[in-house]
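Next up is one chain by itself, shown in structure tokens, the form predicted on its own.
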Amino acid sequence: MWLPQLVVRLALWLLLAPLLPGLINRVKAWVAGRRGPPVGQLYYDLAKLWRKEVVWSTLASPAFIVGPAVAWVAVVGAALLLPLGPAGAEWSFRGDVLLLLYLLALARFATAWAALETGSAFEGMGAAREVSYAVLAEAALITAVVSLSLQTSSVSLTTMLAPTAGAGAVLLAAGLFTVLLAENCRVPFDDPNTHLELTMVHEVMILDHSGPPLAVILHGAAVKLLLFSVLLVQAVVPLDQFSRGVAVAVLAGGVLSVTLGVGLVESFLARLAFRRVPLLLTTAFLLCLFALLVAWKGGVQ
């Protein structure tokens, strides 16, 4: 019975993920008074890229192609570890949250590795910026995980993602939303629509990719955005207190709200200067740290 369930769960992650960037672009277009691209634009882009040939530098090794594939597998594997509200997780074991963190780190490493394979100074610059931001972003994410672990006395995602409402949930939501923007290279940390190499972070890392490898990178980024949205909603909303149908609706509505929130942030905020990015990431870390202190104080009482 587990194989059909795994196939359905995998299909949900893979097929629904490209909708989120489309919704974000529609929100930005609506705020700007433009018609904008259709919500399913990424589906068309992926289909077009899969039909194109791969063009790559003679300096690059096979890691240039292997890197995006490894990153995609790591992100999808992390997504399958995440429980989906009342449906639970396909694989749940003690310490699975640690595997999720390591898979996300592996995806970042593989993407940076592939970027460095081109021998391009611009892509090396983007990889350096990516890993520099990751130092603070991962610290905030780990602190949020420790907060949930302390609150639930567990290191299993199925148990950890059953939080209680309160001040800690608000702090955790603010911190995780900031981490979501940083991990997915959204404004104010990065601009996915920029075309100036000197100001790019993630986009400059994939300048030399084309065809199916670029499609894999774009789809993996969409899955990662969906993963962080689901994680954020389940980390702050006690879905176990609702019936199965209501919990599914709340989870879907929460993911939609997070997606719309990202679109509004990108519509009303400008990209930060590089020197101010660490300050915002430090703020996200402090928010998660305060949530940890609230969880610790509640446990002591």
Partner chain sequence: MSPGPILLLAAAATLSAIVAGPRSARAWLALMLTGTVAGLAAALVVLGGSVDWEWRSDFALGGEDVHLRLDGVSALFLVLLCVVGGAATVYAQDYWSEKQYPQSAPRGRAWWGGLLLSMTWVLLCANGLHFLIGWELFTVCAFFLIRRDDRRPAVRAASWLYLAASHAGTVFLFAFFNALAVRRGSWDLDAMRDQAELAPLFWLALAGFGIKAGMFPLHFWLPAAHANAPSHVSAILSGVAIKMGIYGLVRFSGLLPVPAAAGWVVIGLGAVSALLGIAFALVQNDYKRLLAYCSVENIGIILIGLGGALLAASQNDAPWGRLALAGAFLHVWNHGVSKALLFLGAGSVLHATGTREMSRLGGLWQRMPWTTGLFAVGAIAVAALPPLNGFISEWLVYLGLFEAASTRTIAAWAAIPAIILLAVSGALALASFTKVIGIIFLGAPRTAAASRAHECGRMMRGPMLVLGGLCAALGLLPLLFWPAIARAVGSWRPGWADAPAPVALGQLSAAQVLLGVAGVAAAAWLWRKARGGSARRGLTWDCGYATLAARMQYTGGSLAGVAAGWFDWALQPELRQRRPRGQFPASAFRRERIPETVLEKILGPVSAAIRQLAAVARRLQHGRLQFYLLYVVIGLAALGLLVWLEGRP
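Positions refer to the first chain, counted from 1. As the structure is a prediction and not an experimental result, all values here were calculated from the model.
As for the form predicted together with its partner chain, it is not shown, yet the points below apply to it.
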Within 4.5 angstroms, counting heavy atoms, which one of the listed stretches 224-232, 203-211, 173-181, 186-194 is next to its partner chain in the predicted complex? 203-211
Mark Leu59 yes when one of its heavy atoms lies within 4.5 Å of a heavy atom of its partner chain in the predicted complex, and no otherwise. yes
Can Ser132 be called a contact residue for its partner chain in the predicted complex at 4.5 Å between heavy atoms? yes
With heavy atoms only and a cut-off of 4.5 Å, decide whether Val31 touches its partner chain in the predicted complex. no
Even though its partner chain is not shown here, does Val55 get within 4.5 Å of it in the predicted complex, heavy atoms only? yes
Position in contact with its partner chain when the complex is considered in the predicted complex, options Leu82, Leu116, Leu218, Ala169, heavy atoms within 4.5 Å: Leu116
With its partner chain left out of view, choose which of Ile65, Val248, Leu260, Val39 has a non-hydrogen atom within 4.5 angstroms of it in the predicted complex. Ile65
Which residues, if any, of 232-249 lie within 4.5 Å of its partner chain in the predicted complex when only heavy atoms count? none
